[in-house]
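One chain is shown next in structure tokens, namely the form predicted alone.
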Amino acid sequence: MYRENWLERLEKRYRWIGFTLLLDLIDGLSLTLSYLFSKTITMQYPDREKWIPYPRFRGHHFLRKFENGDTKCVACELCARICPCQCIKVVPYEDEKGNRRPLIYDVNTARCLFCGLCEDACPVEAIALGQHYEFSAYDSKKLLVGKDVLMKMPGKTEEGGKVVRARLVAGEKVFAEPQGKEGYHWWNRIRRR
């Protein structure tokens, strides 16, 4: 037979006091008021601060290339076949050296799930999901990205997760131009009880 301990019996007997005095409501309101008068952690995006993503972040696609500027892609079409939303289109051709290269390499970022399966399936690690997250358009046809744009997209960052007072510059090399002091990690600003 199950025996209740004395604390549970005491709680059941005097539970009406908590209901009458609204102790749970007062406890919740005190927590809300403590957050009201604490320092805010709101990021001033995009006017003053920008977030630099972690290296594992999956943003806009980019094509890796060799030192001479040629794409690493061998147009094997594995990325297009494994894509669950069918947003990648690859048309192969052979160049004058007999190497197989993509004639057309289109990614429809409006349909993409950013799951990373194309990145995992590529045998030569030619396609990857980078750090660029600020892309939008009013027309969905502008979200169809070709090979030339994919070659110019920024790659992954070495370290990330910081909020910096900067403007993210996406060129040949990805970097952030600081306009003031060094950035902070957003997680350290969260107030805990």
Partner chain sequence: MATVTIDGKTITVEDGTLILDAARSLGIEIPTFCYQAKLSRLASCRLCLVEIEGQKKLQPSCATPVLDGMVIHTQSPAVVTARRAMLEFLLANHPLDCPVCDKGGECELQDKVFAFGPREGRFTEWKRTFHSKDYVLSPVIIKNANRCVQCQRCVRICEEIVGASALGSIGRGVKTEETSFMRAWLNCDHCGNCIEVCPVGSLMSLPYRYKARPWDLKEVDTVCPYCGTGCTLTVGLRDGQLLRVRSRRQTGVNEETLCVKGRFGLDFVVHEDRIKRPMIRKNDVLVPVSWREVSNYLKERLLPLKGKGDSVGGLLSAQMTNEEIYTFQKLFREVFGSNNIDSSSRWPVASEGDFYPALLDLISTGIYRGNLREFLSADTLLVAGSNLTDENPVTEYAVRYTLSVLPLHLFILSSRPSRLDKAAKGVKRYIPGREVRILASVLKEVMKAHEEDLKRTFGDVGEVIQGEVIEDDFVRALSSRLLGSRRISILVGTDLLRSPLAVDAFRVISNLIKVLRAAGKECGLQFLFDRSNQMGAIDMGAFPRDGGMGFGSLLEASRDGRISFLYVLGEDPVLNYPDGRLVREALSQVGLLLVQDAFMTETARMAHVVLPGATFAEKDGTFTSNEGRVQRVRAFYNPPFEARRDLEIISHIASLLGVDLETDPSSIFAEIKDLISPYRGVDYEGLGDNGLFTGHEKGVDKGLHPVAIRDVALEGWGFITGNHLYHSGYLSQRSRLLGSLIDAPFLEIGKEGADSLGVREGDSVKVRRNGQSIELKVRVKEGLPEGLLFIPENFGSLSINNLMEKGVYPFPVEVRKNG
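Quick caveat, the model's predicted, so the values are computed rather than measured. Residue numbers count along the first chain shown, from 1. Note that the rigid core is defined as the largest set of C-alphas that superpose within 1.5 Å between two forms.
There is another form of the same protein, the form predicted in complex with its partner chain; it is not shown, and what comes next is about it.
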| property | result |
| --- | --- |
| Position in contact with its partner chain when the complex is considered in the predicted bound form, options A110, V74, C85, L117, heavy atoms within 4.5 Å | V74 |
| Within 4.5 Å of its partner chain in the predicted bound form, all of R58, S136 and G161 (non-hydrogen atom) | no |
| Partner contacts for 80-100, taking its partner chain in the predicted bound form and a 4.5 Å heavy atom cut-off | R81, K89, V90, V91, P92, Y93, E94, K97, G98, N99, R100 |
| Flag for G98, CA shift 2 Å or larger between this form and the one not shown after aligning core | yes |
